[in-house]
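So this first bit is one chain, no partners, the form predicted alone, shown in structure tokens.
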Amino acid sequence: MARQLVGLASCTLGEVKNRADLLIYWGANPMESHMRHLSRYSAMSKGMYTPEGRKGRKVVVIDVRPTPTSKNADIFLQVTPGQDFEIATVLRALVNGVALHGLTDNSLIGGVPLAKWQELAELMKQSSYGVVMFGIGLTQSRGKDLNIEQLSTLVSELNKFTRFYGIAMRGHGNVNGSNQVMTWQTGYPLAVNFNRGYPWYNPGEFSVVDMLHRKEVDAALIIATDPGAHLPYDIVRYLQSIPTIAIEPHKNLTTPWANVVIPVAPAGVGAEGTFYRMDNVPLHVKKIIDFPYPSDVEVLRSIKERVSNVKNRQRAGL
């Protein structure tokens, strides 16, 4: 939602590995959530212009508590939960030289003295190639998409002084894929409604939780996700009361109560396809073994053909 409004200056993980001399992990703990990230793509990796690896980089962690990632950082700023928007706003002011009247070096911003944020602002401006990698600690705290809006604007403003980029530390494998394809097809990454015959974007109205909460949905097709594990309890209860079809390679908390479960081959194991990495780079994944079930694509294509046949017969009056 934030990127739809203000955009985001971003880069690939290959550029992080080869060029970045300043890494900021904000609301993210990749040593536990993305265990090969630091060694392969960021802090500890050796690149073309970063031959010393970790020795040639400055690592900053902004988080609400100490983590394994913060223990290996050069600078750890432990902030007050829910203050990310204020912190990003102050950093924008410091980067742009805006006077903060009434504040002293010891004034606390998000639980950290202003002097520390001044040091970070100067460090960001003086870096040769900086990258801020943000996780759900930032996106799911108070402010949510507004936090990312401020951070994205900060990244854009830093490019007046140096090369600076932002990367979202996405969660599950290929969670970025649906956003990429939806944007490619419609111009919008999520919350898209097609009932007018064209894409219509309105988060809060056409988001899954909102539509289910208003009980506007009378049937659901669930593909490669597990609402039984991730959606609120009352939403799951409503899903259980309507016809639900699950296309899923393995058992999860949704499949026991879905009306129809269509087993499919797991992507990247029993089916080939395109995988979108967290930095939006598409990668082709091969099939490793033959599987007794069809792929998601084959199932959806078959459903689409049958729906088209029914519509054609209805138009013909058959």
Partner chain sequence: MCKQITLILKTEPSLPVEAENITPDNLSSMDATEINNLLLWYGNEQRKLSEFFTVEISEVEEVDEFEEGTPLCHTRIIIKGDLIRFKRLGEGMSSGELLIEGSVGFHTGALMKGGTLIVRGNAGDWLGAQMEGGKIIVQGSAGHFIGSGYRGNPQGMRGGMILINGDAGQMVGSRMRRGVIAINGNCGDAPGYRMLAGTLLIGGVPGIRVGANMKRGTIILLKPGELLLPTFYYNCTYRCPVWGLLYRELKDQGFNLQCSNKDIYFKRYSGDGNEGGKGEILTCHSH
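Positions refer to the first chain, counted from 1. All of these numbers come straight from a predicted model, not from anything done at the bench.
FYI, the form predicted together with its partner chain isn't displayed, but the following is about it.
Handout entry: Heavy atom of F85 within 4.5 Å of its partner chain in the model of the complex
Key = Yes, contact at 4.5 Å.
Practice task
Indicate whether F76 is a 4.5 Å heavy atom neighbour of its partner chain in the model of the complex.
Solution key: Outside the cut-off, so no.
Exercise for the section: Indicate whether its partner chain has at least one heavy atom within 4.5 Å of a heavy atom of E205 in the model of the complex. Expected result: So E205 counts as contacting its partner chain.
Exercise for the section: State yes or no: in the model of the complex, is some non-hydrogen atom of E122 no more than 4.5 angstroms from a non-hydrogen atom of its partner chain? Expected result: No, E122 stays farther than 4.5 Å from its partner chain in the model of the complex.
Exercise for the section: Taking its partner chain as it sits in the model of the complex, which residues of 126 to 156 have a non-hydrogen atom within 4.5 Å of it? Please list them. Expected result: Those in contact are R142, G143, D145, L146, N147, E149, Q150, T153.
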